[in-house]
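One chain comes next, on its own, written out as structure tokens in the form predicted on its own.
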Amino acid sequence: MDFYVSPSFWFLLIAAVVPAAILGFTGRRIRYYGLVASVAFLLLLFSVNMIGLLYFLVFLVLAAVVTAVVMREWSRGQQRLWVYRLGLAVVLVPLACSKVGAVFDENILGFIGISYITFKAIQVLIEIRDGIIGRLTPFDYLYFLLFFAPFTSGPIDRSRRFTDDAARTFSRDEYAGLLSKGIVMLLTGAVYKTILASVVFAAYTPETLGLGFGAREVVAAVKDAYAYGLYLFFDFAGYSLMAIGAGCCFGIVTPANFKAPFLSCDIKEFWNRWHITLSFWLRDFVFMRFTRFAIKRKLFGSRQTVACVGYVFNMTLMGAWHGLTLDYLAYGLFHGLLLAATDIYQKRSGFHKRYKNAAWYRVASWVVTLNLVMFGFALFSGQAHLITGGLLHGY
């Protein structure tokens, strides 16, 4: 059963929402039922892949054990860093093995949803180490990791925000508004996914892109790059909207993942609008920590150099998260270099500072940004060589 795709999922979701709605309308907490429903949905998700279920259960046990150990260490004031670092390594190993295995078409410790659950488990460990999380009950931890709505496709939630939502009780009017919002988002996401992505732009997937370096092929590749970018948006944004909508029905307001990304006027703004929960997760737990580490140890000559190296490192890691292939790595490196170049330009260019608020300048910036973003999607899909190859060959 595929979440948000299989008809059986939709029938079961409707049936599962009814008890949640009864609890919500009567002012009772939904979270205990929510965990039971999540476990049931996940068992159905893994029902056709028992090896994946085994890997998932092993990961869950290991993550829970290392989190409990790190929590105990920090609550007692011992704070031995090697324990924390070992815990991080244990949580990261399955994801790393699955990415390496995918290169060789082998499933090594991989399972559906491994990326998102790993990010959530790492976030908890890091925030325990930072003293941000002082207490997290086993129930809250398991519910945070197992909540079914964003399990397969995100968005990536944060434990403290999730736990606050799960602990809430609602008045009749509050839950009615939340349920209405959830239904609207489920329907909107379904339109995005099943009509706009799967029907309107479905023809423009990497498998259907042509080959060749003639003028006609290059023009077609450019057109396909734009269409593929729109396909990606409506497909992924559709999944995200449906996940957020399902969460609302269970009293969980999962953060938004997209905010009109194609209206961005620079690459920094784009990453504040596209796959927001991933880019903010990487910003908080990779980029910021890398820059602090580099500044503290004076690895580079200036803070701007530190930031630029951090952008490249951060986004290349993002590309590797998608997959250890040349296309994905090039996509991440491309955006890292764009972010670094944007940072230098905006901070050093008098022209930018003089005209950044002018309407004509913002329109020009939007055009440039949109084309760079679409070329990035061409890298992501593996079709960029059609465009660049044709240009280099002079059509």
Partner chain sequence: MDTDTQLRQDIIALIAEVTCEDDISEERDLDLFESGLLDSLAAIELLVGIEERFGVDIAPTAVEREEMNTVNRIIAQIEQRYL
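Small disclaimer: the values here were computed from a predicted structure and weren't measured. Residue numbers count along the first chain shown, from 1.
Omitted from view is the form predicted together with the partner chain, to which the following refers.
This chain is displayed without the partner chain, yet in the predicted bound form the stretch 279-287 from 80-88, 222-230, 194-202, 279-287 comes within 4.5 Å of it by heavy atoms.
Site annotation in the predicted bound form: the residue of L299, A167, I132, V184 reaching within 4.5 Å of the partner chain with a heavy atom is I132. With the partner omitted from this view, the residue of C265, M71, V306, V253 that lies near the partner chain in the predicted bound form is V306 [heavy atom within 4.5 Å]. The partner chain is not drawn, but in the predicted bound form it has no heavy atom within 4.5 Å of D140. In the predicted bound form, R292 approaches the partner chain with a heavy atom inside 4.5 Å. Of the heavy atoms in E127, some are within 4.5 Å of the partner chain in the predicted bound form. In the predicted bound form, the partner chain stays beyond 4.5 Å of every heavy atom belonging to K353. In sequence order, R158, R160 are the residues of 135-169 having a heavy atom within 4.5 Å of the partner chain in the predicted bound form; the partner itself is omitted from this view.
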